[in-house]
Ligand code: XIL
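Quick heads-up: it's one chain on its own, the form predicted alone, in structure tokens.
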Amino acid sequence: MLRSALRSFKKNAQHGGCVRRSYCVAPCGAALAFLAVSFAQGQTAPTLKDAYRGLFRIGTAVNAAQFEERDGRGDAIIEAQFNTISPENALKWQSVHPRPDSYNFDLSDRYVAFGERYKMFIVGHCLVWHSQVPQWVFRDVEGKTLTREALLERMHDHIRTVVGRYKGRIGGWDVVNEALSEDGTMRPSPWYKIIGDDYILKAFQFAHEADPSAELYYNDYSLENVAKRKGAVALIRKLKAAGATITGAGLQGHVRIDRPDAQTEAETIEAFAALGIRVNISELDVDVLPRTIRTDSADVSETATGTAQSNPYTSGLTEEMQQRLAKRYAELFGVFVQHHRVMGRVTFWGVTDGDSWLNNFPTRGRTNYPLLFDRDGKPKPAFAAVLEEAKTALRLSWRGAGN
């Protein structure tokens, strides 16, 4: 198999070692050779970042304890498994710009330094959002609502200062986060009410001015839902027509154990890829608990009370549910691999189950199990299932090439 891998590497060298340069149904030659050598040498469980090298980056969201290297369990996983990181909170407006007259870059500087130390692709999350932004942003010194011009200037100053500080260091930015309602219309946020719908265009323009080389993304949840997907596609098409530099869409990927199905996931990726932009799965996790709200929304403002029935796994997942979770992750990564040509990265929202925001959303204090590593930092069956999808891609490629 090793010799076969090397022959395949030479035969497929025209791909230049990168799937982004030309399309092939299976991984490019360099990726195939790497995987084949790894598996031939007995590496039955390579790391996530190595297994998917040449297909797309694999990342995780990190918290302050992790990028300050105070979480020994989590840090070991991050350094071994991932090649891109996103900050949970360190770059949100309330963290870096808490008061009108001052910025605080203590945490964000440490976050960026951590990514650089381990040679990771660093993502900035997020510049413009309706949540975790101080109310002073929208008001003048007398407490009155700002004018359109004043709020645009305030946005411009924030983006110019934050993006400019990390120019050439942060590789991609979630410029605007969650600007749409569930029906695909504009969310009536203060940004929209004061500035109008062109606040999104202005944000992308300001970000591109601050760092012309950075990748710029629109990021949102529930884009698998048809109405919201259509709204997001129309929004991005409008932005591009207006001359905005937008290089990718972030499909957050806060999914359920049973939905959306693989076909819907594929259709969603294809809808955004058709716009000529990169697709990122930007905040992936799989909720295994009963829903306590009517919708599948990931709106952080949603809250609900729970019962014992809505928190059934306080002592751990059953073996049946572990296998369901593994099957679900295999299904998702099967879709991602099939669409690797248009994929930039897949980022998990958290490192271990204990880190996940889903333990408190939409009902606080529940015990959820949405990620690949358990609370002790041990890989779950879902981890093995995700690695197996890389092997499957390799086997299918050999079969298609006649090897």
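Just so we're clear, the structure is a prediction, and the values are computed from it rather than from any experiment. Numbering starts at 1 and follows the sequence shown.
One more form of this protein should be noted, the form predicted in complex with the named molecule, which is absent from this view; the next part is about it.
Exactly one residue in Asn89, Thr318, Thr161, Ser310 has a non-hydrogen atom within 4.5 Å of the named molecule in the predicted bound form; which is it?
Going through each option in turn, the one that passes is Asn89.
Going by heavy atom distances of 4.5 angstroms or less, which of Tyr166, Trp129, Phe138, Tyr199 would be at the interface with the named molecule in the predicted bound form?
Of the listed residues, the single hit is Trp129.
Hey, in the predicted bound form, is Met186 touching the named molecule, heavy atoms inside 4.5 Å?
Residue-level check for Met186: no, no contact with the named molecule.
Verify the contact flag for Glu178: yes if a non-hydrogen atom of it lies within 4.5 Å of a non-hydrogen atom of the named molecule in the predicted bound form, no if not.
Because a heavy atom of Glu178 falls inside 4.5 Å of the named molecule in the predicted bound form, the answer is yes.
For Glu283, is any heavy atom within 4.5 Å of the named molecule in the predicted bound form, or not?
Yes, Glu283 lies within 4.5 Å of the named molecule in the predicted bound form.
Flag Met120 as yes or no: does it have a non-hydrogen atom within 4.5 angstroms of any non-hydrogen atom of the named molecule in the predicted bound form?
No, Met120 sits far enough from the named molecule in the predicted bound form that none of its heavy atoms falls within 4.5 Å.
Establish, in the predicted bound form, whether His254, Val300 and Trp349 all lie within 4.5 Å of the named molecule, using non-hydrogen atoms for the distance.
Every residue of the spot touches the named molecule in the predicted bound form.
Thinking of the named molecule in the predicted bound form, which stretch from 320 to 328, 236 to 244, 261 to 269, 121 to 129 has heavy atoms inside 4.5 Å of it?
This holds for exactly one stretch, 121 to 129.
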